[in-house]
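A single chain, nothing else alongside it, follows as structure tokens in the form predicted alone.
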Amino acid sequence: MKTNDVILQFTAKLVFFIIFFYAVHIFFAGHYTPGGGFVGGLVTASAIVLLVIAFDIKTVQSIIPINYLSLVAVGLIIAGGTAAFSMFMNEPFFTHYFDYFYLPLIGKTSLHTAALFDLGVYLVVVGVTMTIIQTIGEDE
């Protein structure tokens, strides 16, 4: 029997965005403070799990149509490619580069290849966590 949890569903939709934007903040703050791709990925996965609790897996899959195994593959390619890029520049494996750039609306900021590596880690963590949750949740 399907229950109609209107309050839970409304609150989950609202809190999802709060948690997701906090995860983005943790991701970007991770270069100078604790956080980064791993923690941001876990927080994002927890936001999606909140939707799964409020609704069901089929509904969340229709709202967020992401193949999480493909997300893991893309994340591994980004993280591995970023780490291996330095070898093509005759530098040791995992050497990261940065420089300062002027970006419109933001101004002068530093861009790091470590952010690309963290993006790969973020995608892997979200993909693996959600694959595990979906596998457990779909088991009957």
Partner chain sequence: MNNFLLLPIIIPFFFGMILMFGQKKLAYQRITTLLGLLMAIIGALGLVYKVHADGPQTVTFGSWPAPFGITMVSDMVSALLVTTTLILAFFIVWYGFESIGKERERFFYYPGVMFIITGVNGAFTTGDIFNLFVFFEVLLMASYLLIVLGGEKAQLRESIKYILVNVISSAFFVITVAFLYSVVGTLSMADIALKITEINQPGIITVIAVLFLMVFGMKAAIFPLYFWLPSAYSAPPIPVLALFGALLTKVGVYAIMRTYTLFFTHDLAFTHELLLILSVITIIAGCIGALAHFDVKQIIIYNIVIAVGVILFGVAQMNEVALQGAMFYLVHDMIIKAALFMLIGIVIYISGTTNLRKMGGLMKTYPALGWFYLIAALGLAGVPPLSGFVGKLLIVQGGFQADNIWSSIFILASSLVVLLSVMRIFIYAFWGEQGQISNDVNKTTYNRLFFPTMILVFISILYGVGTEWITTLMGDAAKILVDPSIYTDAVMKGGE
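What you see is a predicted model; the values in this text were computed from it and never measured. Positions refer to the first chain, counted from 1.
One more form of this protein should be noted, the form predicted in complex with its partner chain, which is absent from this view; the next part is about it.
With the partner omitted here, the residue from L111, I66, L42, V74 that has a non-hydrogen atom within 4.5 angstroms of its partner chain in the model of the complex is V74. Heavy atoms within 4.5 Å of its partner chain in the model of the complex belong, among the stretches 84 to 92, 49 to 57, 30 to 38, 100 to 108, to residues of 84 to 92.
None of the heavy atoms of Q61 is located within 4.5 Å of its partner chain in the model of the complex. Interface residues of 35 to 57, taken as those with a heavy atom within 4.5 Å of its partner chain in the model of the complex (partner not displayed), are absent.
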